[in-house]
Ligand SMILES: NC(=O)c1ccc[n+]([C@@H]2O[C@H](COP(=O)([O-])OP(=O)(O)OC[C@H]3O[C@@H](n4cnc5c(N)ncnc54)[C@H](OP(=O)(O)O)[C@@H]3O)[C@@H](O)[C@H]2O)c1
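The data below hold one chain only, encoded as structure tokens and taken in the form predicted alone.
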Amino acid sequence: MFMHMTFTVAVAGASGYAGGEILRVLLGHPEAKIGALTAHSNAGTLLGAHQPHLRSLADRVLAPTSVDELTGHDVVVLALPHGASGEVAAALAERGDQAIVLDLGADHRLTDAVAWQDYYGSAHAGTWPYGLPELLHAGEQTAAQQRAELASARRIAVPGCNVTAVTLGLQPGVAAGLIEPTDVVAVLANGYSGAGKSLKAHLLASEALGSAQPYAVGGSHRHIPEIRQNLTVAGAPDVTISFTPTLVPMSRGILATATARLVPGTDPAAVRQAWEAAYADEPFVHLLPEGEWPSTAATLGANTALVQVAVDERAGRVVTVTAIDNLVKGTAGGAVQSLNIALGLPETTGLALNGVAP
């Protein structure tokens, strides 16, 4: 029987989108108690000035991000820019702090130090257990091994939001040996919150409203090696992916269309069966009925991923469409889901299954 397990959480980077979203999710968690809230340039200001929707924490003063502020909690969340989490995590370890640390940034996701250097241009901080509970391992129909790796983990690397969407869309076909992972194409429609809060001209409403604009085109997006890594874990001997994200005028959400060439001779019926087997018992990943297509609106505010799969027989390709809220299932919700597993709590604790509509 589950026993109550109240835990305290410190959040570094609480003034950003990811920091604000994990606070929103944790405020709905029956066992979480919010501890220190820190920031860098916004230290000394009220949280309410940056996260006005978090009324219960609006009068909290943001402290500087330091080991002294973060030490002494049961859980520390690092919602920091890429390249910043590694130093803070190392300092916590040197201090001997026993907290579970969740890194919402990219610093500890990749197993390949060379790939990190190529895409991020700094020293690799090391690899932590990977916080995608639904990640299939080679030959698996269910993600038992990934959940076993997260159980009792003390360090968790939360996946990239785009990575979550593309991985969930394609991995059943990889694990079942039905698609050729050397011919993968993914095109994504992304909400602007995925670009962070930095003030940049192309992110202004006057530039963005009524417009769609691609970014990180031509294989330069930093989530590419992470997608390759996940599909390799799922059983691909090699992965080649053309990945193109596009900013569209919505604040939240990712709609990922990912396609791959079918292995010659594959029965189209086997495709549907593979996706059904992979997600039949998943609480948050839902394969929609045939003919029904995912929309980002249906995932707003929820930790759900909606997936559809179809076979384009003329092109000889499988087509998957996956919708997630980039800030929930793509970041904060996925982090809390993994934390629940690490703490031995029911995986769904404190996480919304239902979206907000209209």
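All residue numbers are counted from 1 along the displayed sequence. Everything quoted here is computed from the prediction, not taken from an experiment.
Beyond the structure shown, there is the form predicted together with the named molecule, which is absent from this document and is the topic of what follows.
Visitor: Within 4.5 Å, heavy atoms only, one stretch in 100-108, 232-240, 283-291, 172-180 touches the named molecule in the predicted bound form. Which?
Guide: Contact criterion met by 100-108 only.
Visitor: Is A84 close enough to touch the named molecule in the predicted bound form, meaning at least one heavy atom pair within 4.5 Å?
Guide: Contact check for A84: yes, within 4.5 Å of the named molecule in the predicted bound form.
Visitor: Would you check, heavy atoms only and a 4.5 Å threshold, whether A335 touches the named molecule in the predicted bound form?
Guide: No, A335 stays farther than 4.5 Å from the named molecule in the predicted bound form.
Visitor: Heavy atoms within 4.5 Å of the named molecule in the predicted bound form: does N42 have any?
Guide: Flag for N42 set to yes.
Visitor: Spell out, yes or no, whether the shortest heavy atom distance between A14 and the named molecule in the predicted bound form is within 4.5 Å.
Guide: It does: once the named molecule is placed as it appears in the predicted bound form, A14 has a heavy atom within 4.5 Å of it.
Visitor: Go through A260, A79, L132, V166 and name the one with a heavy atom inside 4.5 Å of the named molecule in the predicted bound form.
Guide: In short, A79.
Visitor: Go through G121, G196, G219, G139 and name the one with a heavy atom inside 4.5 Å of the named molecule in the predicted bound form.
Guide: Exactly one residue meets the criterion: G196.
Visitor: Could you pull out the residues of 311-333 that have any heavy atom within 4.5 Å of the named molecule in the predicted bound form?
Guide: In sequence order, N326, L327, G330, T331 come within 4.5 Å of the partner.
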